[in-house]
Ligand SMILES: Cc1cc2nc3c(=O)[nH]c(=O)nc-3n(C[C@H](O)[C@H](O)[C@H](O)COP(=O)(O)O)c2cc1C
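We begin with a single chain expressed as structure tokens, specifically the form predicted on its own.
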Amino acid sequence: MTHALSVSPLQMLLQRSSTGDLVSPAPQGEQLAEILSAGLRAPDHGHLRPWRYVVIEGESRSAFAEIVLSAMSRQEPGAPEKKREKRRKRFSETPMIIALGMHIHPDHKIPVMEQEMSVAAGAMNVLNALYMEGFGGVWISGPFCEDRSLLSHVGLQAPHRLAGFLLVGTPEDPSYIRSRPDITDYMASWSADMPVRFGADGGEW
């Protein structure tokens, strides 16, 4: 199910796109374990190992979708019904959901932001690994991810938190590649006698 070996690893990274249009199957067993293991290769200053992955699939999805909706009612009481139904559908019908737990040490000498960045880097590794294995995913978050009751359902007591969820499955359209901006607008060469400017910023300070 992996992508063609004729495509270089770099080209695969350049082609990866997030997609929420997902169908079965999702990775299972040893393949899933290896994909999640890619997350543990993220930079980890202080070796704190802040990554926590909770896999939700099968019949558990519908029950978890109701937990998400309850969290939305508390954290986003003004959310329109259309948004609530979209969340219900995503969490109950997407083949697999992976909660991105952040096991945080707030009093450690390593800043909390660096711990959070390690979790984010791990999530990106997982998304890349999913794509390389022929699957797809999209990273979602929102105020509902801050809900303490929801967090307790995925084993995260204070001060631990969520970085969001990965929705995982097989892309309905595996040929889809989202267009990306030109890198020349987002990179610059540093010189001691010239200010750094980026095309993406319009060259303005």
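Computed from a prediction, not measured in an experiment: that's the story for all the values here. When you see a residue number, it is the position in the sequence shown, counting from 1.
Not pictured, yet referred to below: the form predicted in complex with the named molecule.
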Stretch in contact, per heavy atom within 4.5 angstroms of the named molecule in the model of the complex, of 149-157, 28-36, 133-141, 57-65: 133-141
Contact test in the model of the complex: residue 178 vs the named molecule, heavy atoms, 4.5 Å: yes
Contacts with the named molecule in the model of the complex, stretch 10-25 (heavy atom within 4.5 Å): 16, 17, 18
